Structure formats: C-alpha cells, structure tokens
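Okay, so here's just one chain, in structure tokens, the form predicted alone.
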C-alpha cells in the first residue's frame, strides 16, 4: 500500500491540517475573548460577544487535544522533547485555558457587576496568553531549542523558560496575538450588529496594518538574521527512526535558499501576507464573509510558511544540531502509522461533517434582543 517514506509524509500533512484547523477555529475564539473587555461596554454587549462563540468554543478547543494526541502517537520523540523541556510554558498555556470553561459557564451565574467583570477579564486572559505563548513556541522552533539526545535516545533539555523569551521569539508571540485578535475581530464583525459591529470594524481597521507589518518583520528577520541548519548525511527516508543516524551542520545555506530550492513554497508567505492585507481592505468596508475568508487564507498561509520552512525538520536543536528531529527519523513504527492512518481516514471526515453541520445550525447574527429573550440557555 504505502511505503514508510510515503506514510511519513502523509502524517506530516495530516498533522499540519489539524494544526491549521486549530489555528482557524480556536484562533477567532481567542481573538473574541481578547476583544471582550474593550468592545463590550455594557453587560448585555459583553453577553452578545460571548455568545458569538458560545456554541462552538468547546468543539474548537478539541482540535488542540487532537493535535497533542496525534503528535504523541506519530512523533513520540517530538512529544517527549516538547512536553518535558517546555514544561513550564505548557503549564502556563494549560492554566490560561482553564479560565475559558470557567469563565463561559460561571460568568452569568450571578447578577453581580463585580463578579461578571472579573470573569470577563479571566476570559481575556484565557484568550490572550495562549496565542502569545504559542507564538513564542513557533519562534523557538525556528531558532532551535536547546536539547540533546544521549546514546540511548533520551532527551535532555539544556535551557530554561526565560531563555525562550528572546527578542525574535517575543516578536513571534506579539504577532501570534495580533493574528488571533484580528481574526477574532473579523469573526465578531460577521456575527454581530449595530454598535458591536461598528466597534469590531474599528478594531479591524487598526489591527490589520499592524499585523501585516509584524508578520513582514518576522519573515524578514528569518530570511536575513537567522541561520538554518542543513542535513549533510542521513540514513534514508525509509530507514527505522533513529535521530542520531545523521549529520547536521548548524549554519546551512539559509532559509531563502531553502525556499528557492522549492519555488512553489513562496506561495505560502504570499498567501499569508496577501490574505491578511485583503482581509483588512475588505474588513474595513461592508464585507463580512469575504473578509473573514481572506483572514482564513492569511492564517493558513502563515501556518504553511512555518511548516514549509522547517521541512523536513520537526524540532531543531540549537545546542547539538545532530540531535535535531526530522520527519524521517522521529516517527513511530510503520505499523503504528498505518493503523492510525486508517482510523483517521474513517473518523476525521465524520468530525469535519459534524462540525460543518453545527456551524450551519447555529449560524446567524447574535443580537441584544436574542440574548435578553433567552437568558436561561445563552451565556
């Protein structure tokens, strides 16, 4: 059926699709939460904002769980390195996410302004901290993480949490926050009316150029200021996984040379910048669906840019380049990947169809009148 090389590439695509689905759906959830205390001026307005994502935020968050599970099953060495070395950062993301279910479910339990305002800021924190930390993670994936493997393939992390917060990684964190907030503003514009709609448009007008400038700065920094490792010797793309059976030099031909080797890869950063630029241009006008769809193109292009740039690396080691993990030497066994493939082929389309059904059922503008009329079932 599939050889080992092919199934490895297929799973690289599958996990990329799950990551993009998480960025697209949970991205606007995060953005709406970030904007909540600023666009919503009254309790009713904030309830309207919350209910634009109230019916879908739990389902959207499942993509993150699925992403973690897929990495655990398919790239166990990557899972072990990330979740052990970045333990503090992962816990911060997890604790920030705790605020979301509590905030959504408990905010309206008491008719007390102080109580509700506190949960509004908790939702803000739950929507703001994760994209910043995920952006910092992406920045460190490009820079490389300080880890090495011993002869028994045990992972040893050589850095600290504070070492992750380099200037480039922090720029990526800010860009991640701008991306989700802009994406959320467009979603909020699409699903709201009147004053909330107008404030969302103002947010789009402000955030669009800032996001494009920040994303351009990140790309420029990558292309001219960061070295890309290069694999000079490797066991083979169908060999059993062993990250130590290769030779990697820390200063390779560079990120631009990598894209020039595969010119079609340039479509990804072009889609990222172009999608957000078009989303801003259309979003500051009357467009709703079109602007949001272009934002989806921007999110997808940005995610693909990271994946294409790293390929075939999964994790780059900044302290021991030979310990870097790649698509060809950090995967599970062939039988595991084939079994997981058939499970995914059967169930992933069902998940996607159900998700499409849910969005179709609940779609429409959320208004103050609807929230006031249905106080018992809406947030």
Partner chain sequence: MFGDDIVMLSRMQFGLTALYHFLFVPLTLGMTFILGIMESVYVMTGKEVYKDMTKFWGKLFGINFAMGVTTGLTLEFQFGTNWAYYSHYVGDIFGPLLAAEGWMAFFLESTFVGLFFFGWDKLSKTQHLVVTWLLAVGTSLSALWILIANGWMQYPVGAEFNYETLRMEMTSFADVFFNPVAQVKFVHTVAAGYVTGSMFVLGISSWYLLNKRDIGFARRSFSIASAFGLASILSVIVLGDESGYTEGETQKVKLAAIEAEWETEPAPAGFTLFGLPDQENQETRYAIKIPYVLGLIATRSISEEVKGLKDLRAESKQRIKNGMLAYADLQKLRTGDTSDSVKQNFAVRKADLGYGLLLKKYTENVVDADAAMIEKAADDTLPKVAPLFWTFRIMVACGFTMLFIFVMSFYYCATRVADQKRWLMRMAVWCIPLPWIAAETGWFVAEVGRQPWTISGILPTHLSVSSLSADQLWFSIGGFVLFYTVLLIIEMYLMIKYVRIGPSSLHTGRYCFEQTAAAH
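Treat the numbers as computed from the prediction; the structure is a model and nothing was measured. Positions refer to the first chain, counted from 1.
Separately, the form predicted in complex with its partner chain exists; it is not shown, and the next lines address it.
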{"property": "Contact assignment for its partner chain in the predicted complex, among 99, 292, 255, 280, heavy atom within 4.5 Å", "result": "99"}
{"property": "Partner-contacting position among 344, 318, 323, 326 - heavy atom within 4.5 Å of its partner chain in the predicted complex", "result": "344"}
{"property": "Heavy atom of each of 62, 80 and 94 within 4.5 Å of its partner chain in the predicted complex", "result": "yes"}
{"property": "Interface membership of residue 105, its partner chain in the predicted complex, 4.5 Å heavy atom rule", "result": "yes"}
{"property": "Contact test in the predicted complex: residue 42 vs its partner chain, heavy atoms, 4.5 Å", "result": "no"}
{"property": "Contact test in the predicted complex: residue 367 vs its partner chain, heavy atoms, 4.5 Å", "result": "no"}
{"property": "Contact label in the predicted complex: residue 156 to its partner chain, heavy atom within 4.5 Å", "result": "yes"}
{"property": "Option from 237 to 245, 297 to 305, 203 to 211, 138 to 146 whose residues, in the predicted complex, bring a heavy atom within 4.5 Å of its partner chain", "result": "237 to 245"}
{"property": "Residues within 4.5 Å of its partner chain in the predicted complex, restricted to 317 to 346 and counted by heavy atom", "result": "331, 332, 333, 335, 336, 339, 343, 344"}
